[in-house]
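Taking the form predicted on its own, here's one chain by itself in structure tokens.
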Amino acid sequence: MGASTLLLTGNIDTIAQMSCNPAIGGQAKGQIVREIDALGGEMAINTDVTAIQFRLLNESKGPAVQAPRAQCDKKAYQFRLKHTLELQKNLQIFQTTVTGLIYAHGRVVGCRTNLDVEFFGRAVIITTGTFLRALMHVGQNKNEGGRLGDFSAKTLSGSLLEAGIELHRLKTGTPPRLLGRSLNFAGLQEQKGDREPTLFAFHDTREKDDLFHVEQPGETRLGWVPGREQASCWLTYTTSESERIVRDNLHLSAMYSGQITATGPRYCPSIEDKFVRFADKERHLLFLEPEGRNTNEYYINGLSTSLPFDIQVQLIHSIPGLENAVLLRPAYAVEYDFAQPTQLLPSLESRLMENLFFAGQINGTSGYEEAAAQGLVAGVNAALKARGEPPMVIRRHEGYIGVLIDDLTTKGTSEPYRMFTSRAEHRLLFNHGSAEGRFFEHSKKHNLLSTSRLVNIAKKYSSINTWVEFFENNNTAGGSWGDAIRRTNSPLELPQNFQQETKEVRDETIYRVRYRGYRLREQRQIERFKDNEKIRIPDHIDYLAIPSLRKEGAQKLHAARPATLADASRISGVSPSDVSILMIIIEAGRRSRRESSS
């Protein structure tokens, strides 16, 4: 966007280092990465050229819920993105720890650092991750830091409180890392990557030299051809001995001994939580995932814990394939400060302090993808704010990024927020292949993509629209082409000209035609949801007795007793599907009363 930008970080060498699993994407998250790419972000392309395994999740289900996921080479991902930032025009990187903000006349104007150097700017974005007053726990052992071997930002919280910003504590955790050559893969289930990988970036609208171009003489970015020489992951599981070890030592876990009082992620529970909350399960699935091509380090996906180190060793050795495993790094839990995101505008600017923006885990989210989306939106809006221009606001009917920001700024959160497809009431419009079309106007208006790519996107969607119209208005045997496509999932002999289109054009066209009825219903629902403020919820309704409501949603509704559907939709933990169910129940009640009165 041409803005003069400074990035301050406590450690330049850990820019883009993934603290937890070096995986990008997954359910809803994969769609977010696609949306980031459609808005000019770097995450998708960086993932594609540093990934060591690609998998399309829910491949057997409908395209709306299919989601790409990639296991990345942790160091390659980190080094390439650091190099990208170093080469970025108008961006300067500087290593220092921010100790506080500088305010004047109700605005933030700069920041102080531990080097006694002050920096001034027209807008400031805070992206502290898990480092704000961070404290790590391994059993009863405590160490300051937002990541093992890294620092804690101790004084910035006080500066935020000074501005009247409300802070709370959250918790997250990460599993132990193991030495690969100490593992026994014999008898474990191998999980290979897809033969034809689903990439994250929209390569079809990019110029051919966008992947490995030389930015400056002699400086070519790290990376490889996407999908080349994919690595395998492996599946194992806990045992009854694993459960015994955990249960016998719950009193030593930082989370169960009272050492940690902050709320952890509901949807990424520790192994302690799994055995306590899901006592009916005989075992829990675990994934052994390599951390890179040039390391023998493995990540145990599904085994985060804050048990003492010696108990961690016993626990790991109780798992098939890990009987002789050597630990390289212990698992730990980390507590950190976050700012309740209801204090933000939809632009991610603070309601309390002008020119101050927040993005990432400081807003109560979890996950690299959610953080990257917020960073992108906050960055765009900080540049617009500095120019005195109106903000870019992404609405929840436009994509997962809109759902994410709307949920945060209107509902807030009491636990680490994670995006799911169920949070998006219009998810049938959010298939991962459509992101460039959905965000085209934002990208064009705010100069987020190159001119050539904008031209290519416009041509692509012109072709898609032309073919959708053709299929709906031209006949083949037994009716229109559209009806034929909707009647069968079997391959059809489609027109030769259509078969010569790119795969991306063909896939999006068929999706729009096949799900035409559902898509039209979603569009009508978008209009109907605008009236939610007018729809009152009966006072006598018993949420806990509605079996179709999710348990979490029913509990939150029972506690809050919202007056209208709009009020219900703004409650943290109440999903769009919960609101849709309430709408159906209310309408059924009205219809029943009309019939009885007649």
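Residue numbers here begin at 1 and follow the sequence given. Model, not experiment: these values are computed from the prediction.
Absent from the display: the form predicted together with a small molecule. The rest refers to it.
Proximity of Pro576 to the small molecule in the predicted bound form falls outside the 4.5 Å heavy atom cutoff. By the criterion of a heavy atom within 4.5 Å, Phe358 is excluded from the residues contacting the small molecule in the predicted bound form.
Using a 4.5 angstroms limit between non-hydrogen atoms, Ile581 is distant from the small molecule in the predicted bound form. At the 4.5 Å threshold, heavy atoms of Thr130 reach the small molecule in the predicted bound form.
Only one segment in the set 361 to 369, 444 to 452, 385 to 393, 286 to 294 has any non-hydrogen atom within 4.5 angstroms of the small molecule in the predicted bound form, and it is 361 to 369. Within 4.5 Å of the small molecule in the predicted bound form, a heavy atom is found for not a single one of Ala373, Ala424 and Ser572. None of Thr97, Ser463, Gln259, Gln230 but one reaches within 4.5 angstroms of the small molecule in the predicted bound form through a heavy atom, and that residue is Thr97. Distance criterion of 4.5 Å from any heavy atom to the small molecule in the predicted bound form singles out Tyr299 from the list Tyr299, Phe338, Phe200, Tyr77.
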